[in-house]
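Below you'll find only one chain, the form predicted on its own, shown as structure tokens.
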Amino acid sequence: MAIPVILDCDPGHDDAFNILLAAAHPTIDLLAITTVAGNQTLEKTTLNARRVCTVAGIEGVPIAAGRDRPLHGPVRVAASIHGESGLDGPGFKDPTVPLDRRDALTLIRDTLLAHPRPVTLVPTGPLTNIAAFLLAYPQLTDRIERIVLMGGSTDRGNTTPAAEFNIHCDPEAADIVLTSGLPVTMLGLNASHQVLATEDVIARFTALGTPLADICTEMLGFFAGRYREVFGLPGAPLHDPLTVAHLVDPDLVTFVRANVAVELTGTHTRGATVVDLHGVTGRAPNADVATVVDAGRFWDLIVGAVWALGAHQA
């Protein structure tokens, strides 16, 4: 039976591939997409979600805009990585997939209430929408199967030396999610840096020869170029699709059970995820934390999803 999923995202190049995988794979029942400010402003991330669904022929999945700023503090975007549009590289036409009239929290609420089974929430941007939902609708937590998020790290950050971007953008929201008591799975930088979109990987998309694959090649080319220039990496880590890939293939990623705390006040460490890998704090584990990824199987899933959607269009 397919896993019912709501994607909460901030597209973003890696978010785009997560949408494609969730829509393409029969293991996933993609119920809704909600957007949040993160990689770019809310207006741009919402437009990008509609753009991705349009070029991939993804219809019938409602898309709703969520929070345009964190629970506390200023909005931060990642234009240096994702460009001014948030999805630089391809030349997208105006999307035809519509925007739902509901806001993100209302769409999540309605979707949870309508579905006969508890739903898995998959946030891959700042956790503002998810935290706001948990605060607004605590009576609906039993309708949530689990939260599978991309964010944090067992190691260092990518926005500050200590903090990963998604958590750094809204540490208070991350703290609410991680202390919610719900089952949480965390896939952080230490895992996603094992799946770099190198030139060899990008060539696999080019070889597919479909219009959608060409768009994916352009997205990855821009994304990888930014990571080479900004971080000196040989390719771009495809962070966000690890979430859905894990749901599709539970053996793809190795996890450890650990306590994860979010630093809220540190002068140099605000937004850091403090992962107690060795149990030294004595605090009860509250998350399954990704450690090792089978990169070959991961890329097979992503390339397969792009092929399936592109071939269907043809």
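Just so it is clear, the structure is predicted and the values come from calculations on it, not from any experiment. Throughout, we count residues from 1 along the sequence that is shown.
Here the subject shifts to the form predicted together with ligand RIB, a form of this protein not shown in this document.
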| item | value |
| --- | --- |
| Proximity of residue 170 to ligand RIB in the predicted bound form, heavy atoms at 4.5 Å | no |
| Close approach of residue 108 to ligand RIB in the predicted bound form, 4.5 Å, heavy atom | no |
| Residue 133 within 4.5 Å of ligand RIB in the predicted bound form, heavy atoms | no |
| Residue 150, heavy atom within 4.5 angstroms of ligand RIB in the predicted bound form | yes |
| Of 210, 185, 158, 194, the one that lies within 4.5 Å of ligand RIB in the predicted bound form (heavy atoms) | 158 |
| In the predicted bound form, segment of 100-108, 173-181, 117-125, 210-218 with a heavy atom within 4.5 Å of ligand RIB | 117-125 |
| Contacts with ligand RIB in the predicted bound form, stretch 5-22 (heavy atom within 4.5 Å) | 10, 14, 15 |
